[in-house]
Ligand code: HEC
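Single chain ahead, by itself, as structure tokens, in the form predicted alone.
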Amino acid sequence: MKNSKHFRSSMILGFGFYLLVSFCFTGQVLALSDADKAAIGTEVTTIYRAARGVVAKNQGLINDASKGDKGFSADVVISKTKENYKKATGNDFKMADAGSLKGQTQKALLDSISSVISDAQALINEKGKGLKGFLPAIFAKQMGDGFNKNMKGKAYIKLTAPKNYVRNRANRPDKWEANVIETMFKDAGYEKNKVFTENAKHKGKDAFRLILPEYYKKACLNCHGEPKGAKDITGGKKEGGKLGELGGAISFVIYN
């Protein structure tokens, strides 16, 4: 009888330990602090910007009608993304534990980058065609959509901008984003490049929200600069943006 009780107790304890380990390694950790979530958001938005920067820097190559295979593969883009990440942070890119939310978000974004670039190979390598429409903003939208699908409701990212600068309606700021952009990011006293975080609803769900302001660089003004209303190389109308002006934002969400 004593051995039987001991066996049952051991089974219960063992099963409990199994459930605990399984729970932790699914990434469903409810004890993340706001600081932890902000760190994850900073990581994801840094990778996001780093990857978009690779496409921006290689627009000349992508649109070179004289070349077929550009050598601009998913592996190359991931490698260059990690190089940009190091330039931005001063640190080598390292994957977090696969069971952690940080690790899941890193993998989800890298997988999305790889998938988008792989799917675009026929377009990128089309010889005889110059402007292909595979622009940084288009890539960022597709990269974000892939990330959101991969995260299955745990986290969300999108590129947005002040309302008067939005071209793709899918990138329009929601009320929370618009309020932060108009009342904080546009304030002359707001610290440049500083993220804003807050616990607020997103699509009706409780969430931790982070938004990162972005400012026009010289390369951006080719499509978004002056004169306002003139057509850019894509046929769209220039917004009349100025160097260093707030031109957009990256919005990131972790659902509570």
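Counting begins at 1, following the sequence as shown. All of these numbers come straight from a predicted model, not from anything done at the bench.
As for the form predicted together with heme C, it is not shown, yet the points below apply to it.
In the model of the complex, heme C sits beyond 4.5 Å of every heavy atom of A108. Heavy atoms of K149 never reach within 4.5 Å of heme C in the model of the complex, leaving it off the interface. In the model of the complex, at least one heavy atom of I233 sits within 4.5 Å of heme C. Contact check for H224: a heavy atom falls within 4.5 Å of heme C in the model of the complex. Checking 188-196, 34-42, 64-72, 211-219 against heme C in the model of the complex, the stretch whose residues place heavy atoms within 4.5 Å of it is 211-219.
This chain appears without its partner; in the model of the complex, the one residue of F93, Y165, W176, Y156 with a heavy atom within 4.5 Å of heme C is Y165.
The partner is absent here, but in the model of the complex a heavy atom of A137, alone among I78, A120, A137, L101, sits within 4.5 Å of heme C.
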